[in-house]
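Just one chain follows, in the form predicted alone, and it is written as structure tokens.
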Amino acid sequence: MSHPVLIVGASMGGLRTAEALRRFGYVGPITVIGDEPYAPYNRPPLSKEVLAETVSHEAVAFEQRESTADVNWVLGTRVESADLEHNIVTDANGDVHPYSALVIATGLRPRRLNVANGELRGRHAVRTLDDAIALRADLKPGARVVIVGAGFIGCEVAATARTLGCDVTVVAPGISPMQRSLGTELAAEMQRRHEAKGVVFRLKTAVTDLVGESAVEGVVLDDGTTVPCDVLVEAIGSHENTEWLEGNDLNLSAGVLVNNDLRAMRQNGVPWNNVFVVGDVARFPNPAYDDDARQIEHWNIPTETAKRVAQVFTEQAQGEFRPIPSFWTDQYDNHLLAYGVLALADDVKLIDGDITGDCVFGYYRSGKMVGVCGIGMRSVVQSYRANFV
């Protein structure tokens, strides 16, 4: 252990890993490398409450604990490559970082539209602090905002933009916003609530091109119509930040494949003993549901995976890794909280409340509950969490 535990990725997963290593007794050196210039901060509020205010690092920064005061933070530095056989990582400056153990925490980045007339001002994504700062500057009252994508980020930005007085149109290929996660009935109800606030949905359609000379003036849809646009927000999914790992014996087909101890897997199914993966770039099996390895992009997964890595690394892990994914979203005065993997459900039904008010839906696969989600009724939603443990 003459070299540090090296964590690549200085967001929530990287910070929580450093904290957990100290909490479980590792006293050796820790270095964290991140490509952003900022100390670790909380990303979910960037498309919610923080976007409605003055966006700043202070508003979202995580508290730095005394236990990690001796961590070596290398910020504003992009990692270019890794050599897992020789235990080294090389950054964009050409500096080589040897390690005793490597933790991959590089997360995701937004997908962007691929259109012919794409080099225009006014295009935004929401992933980083700088993304949110730039978008907030354009969300002026009366601005015509088009959001491509009707997942959680797209709908959160839509709610914030309407609250700020923007005209908002959401364009997406699905039949309802957030349907993949929420199911048909709850998704349709959330669409109704957005429309009651003035959001216009153009569903079952896609953007084929942009209109404008130097800045976005409109988006062209595949039905031939054009929607006027001053601000374009692209919320169409993510790419895994794994290019720096290419050339190593890893399965990078969808994130980084790991075993239940979050050790990265070689192509032959044998794990790398000293290479771990945390956060939403990890594709791991969860016996709480089945043996399939999945990426889970929910807010609690960086903390849960960081804790597991620290326990495994310090030889204190007990039993299987069976995290219960959880997410929350705030859209206007609608507060949604969920536990489980809702997308696995083949049956969704209202189990409490009134769908036009506060309500709770249960999500079932082959008759077994695999998730629960509620608008309001937080204590009721939390009471179902024990079903998944």
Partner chain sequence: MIKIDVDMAKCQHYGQCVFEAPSVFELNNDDKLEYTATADDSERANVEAAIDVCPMQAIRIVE
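Remember, it's a predicted structure, so these values are computed and weren't measured experimentally. Positions refer to the first chain, counted from 1.
Only in words, not in the display: the form predicted in complex with the partner chain, which the text now covers.
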> Are all three residues 303, 326 and 336 in contact with the partner chain in the model of the complex, where contact means a non-hydrogen atom within 4.5 Å?
Replying inline: yes
> Might residue 377 be said to contact the partner chain in the model of the complex, defining contact as any heavy atom within 4.5 Å?
Replying inline: yes
> Does any heavy atom of residue 36 come within 4.5 Å of a heavy atom of the partner chain in the model of the complex?
Replying inline: no
> Does the 4.5 Å heavy atom contact test between residue 299 and the partner chain in the model of the complex come out positive?
Replying inline: yes
> Taking the shortest heavy atom distance, is residue 352 within 4.5 Å of the partner chain in the model of the complex?
Replying inline: no
> Which residues, if any, of 28 to 55 lie within 4.5 Å of the partner chain in the model of the complex when only heavy atoms count?
Replying inline: 42, 49
